[in-house]
Each structure stands twice: as C-alpha cells, then as structure tokens.
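Shown below, as structure tokens, is a lone chain in the form predicted alone; questions about how it binds or moves come after it.
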Amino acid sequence: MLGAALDIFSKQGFEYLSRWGHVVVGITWIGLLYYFNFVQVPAFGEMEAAARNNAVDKLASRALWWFRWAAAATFVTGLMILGFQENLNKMSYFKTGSGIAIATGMLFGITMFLNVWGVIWRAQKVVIDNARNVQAGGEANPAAAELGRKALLASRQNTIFSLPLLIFMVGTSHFPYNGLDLTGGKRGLYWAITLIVFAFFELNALGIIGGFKPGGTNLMYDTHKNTIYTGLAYSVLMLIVFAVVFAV
C-alpha cells in the first residue's frame, strides 16, 4: 500500500503532477484572458476616464499579475510534462498523429506566452503607470493610448489562438488517428499551411503586416464578438486542414 502511494514520486507520478498543475494554471491563464476580452475591455469602454483610471490601478493591475504569472506557470509545467514523458525521448513522437496535434497546440501556446510577456505586459505597464500618474494629478502619457491598443490586439489574438490551441491539446488524446497518412510529404504540407496561416494572424496582430495603425480598425479585433467568431472559424479551418491533409 505504501509502495503504491510512493509511486507519485516516480517519473510517471511527476508527469501526472505536472499535467495536473498545467491544467490548473492553464485554466487560470485562459480564464483571465477571457475576462479581459469579454468583460473588462467592454466595461472600461463605457466608463468615464477617472473611473477607468481607478479601475486600471486597483483592478487591472492585480488581474495582470495573476495573468502573466499563470501564463509563465503554464509554459513551465508544459515543458515539465514533455520532460517526464518517456515517449518524447525520441523526436519520432512528433511524426505521429498525437505528436503533430500536441506540437500544433504548442505552437499556439508558446506564441501566446511570448505575447503576454513580450507585448501585453510591456505595454500594460505603461498604461498602469499612466493611470496612477493621472490620478495623482500628473500629465497623461501620450504613448499610453497607442500602447493600450497594441496590448489589446495581442490579447485579442491570443483569444483567437486559444480556441484551436484547446482543440489540439485535447485532441492529443481524443483525435481519431486511425487510418491517417502521416508520411513526410503530408507532414510537410500540413506544417506549411499551418505556419503560413499562423504567421498571417500573429504578424497582423503585431502590426508588422496589414497596415495596422494605432486606433485604426481591424475587423476581427474590433469587438470581442468578432474575435470569438474569428477564433471559431480558425478552429474549424485547422480541423479541416488536419483531416484533409492526412486523409488516406
């Protein structure tokens, strides 16, 4: 009995604990991502400037602390799962159906993590400092609005990525892989299509392509509803690409 209980300290036990932790912190991260996009941003848009600055100072700053560290914890626990799994000792795992699915989810997840720390948090630090400065009677930072918009686009893009991410992460265990043709040519075609579409979305959100201008329109980011629709459409597209490319 004691020996069975101590199995939690084995490699398989640590993989289980890593997976449990990954789910817990992942729920926290994605839950806050949806809160920001579906609740906070629309609500802030209806507030007077003074009330919004107070909410940014007292509410958003706290939520962003949990948000960014939950993102970091999700990333770390995901790497821990990979480290403890025996079937990842050889890169041949990523040539299997489940391996391709988890790698696709990793592409979205790692990009979302980088967006949080490299774009969203860097911009929101300026927004928070500006709100606190204005409340203290200081002058508004003219860069805050532009950086707020930049953070919004990255956050909305993370919301879009989160839907296919969840499909492929769950799909690792539940996709019907029997009968798929996973030859090298088809894997190459799948990744070419996946990376081209992915790059379009990410580069567009970062303003590298698409003619983005601060404060300007970008239909799939302009409202949280448009972002949800785009994420659902992207998820369907990715499922079709996966099914069609690897069809026998």
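All residue numbers refer to positions in the sequence shown, first residue = 1. Quick caveat, the model's predicted, so the values are computed rather than measured.
Just so you know, the form predicted together with a small molecule exists too; it's not on screen, but the next bit is about it.
- None of Ala140, Ile128, Leu166, Ala145 but one reaches within 4.5 angstroms of the small molecule in the model of the complex through a heavy atom, and that residue is Leu166.
- The shortest heavy atom separation between His224 and the small molecule in the model of the complex exceeds 4.5 Å.
- Interface membership of Ile27, defined by any non-hydrogen atom within 4.5 Å of the small molecule in the model of the complex, is confirmed.
- Interface membership of Phe175, defined by any non-hydrogen atom within 4.5 Å of the small molecule in the model of the complex, is ruled out.
- Among heavy atoms of Trp121, none comes within 4.5 Å of the small molecule in the model of the complex.
- Heavy atoms within 4.5 Å of the small molecule in the model of the complex are found in one stretch of 27 to 35, 200 to 208, 183 to 191, 52 to 60, which is 27 to 35.
- Proximity of Leu64, Arg68 and Asn115 to the small molecule in the model of the complex is absent: no residue of the three has a non-hydrogen atom within 4.5 angstroms.
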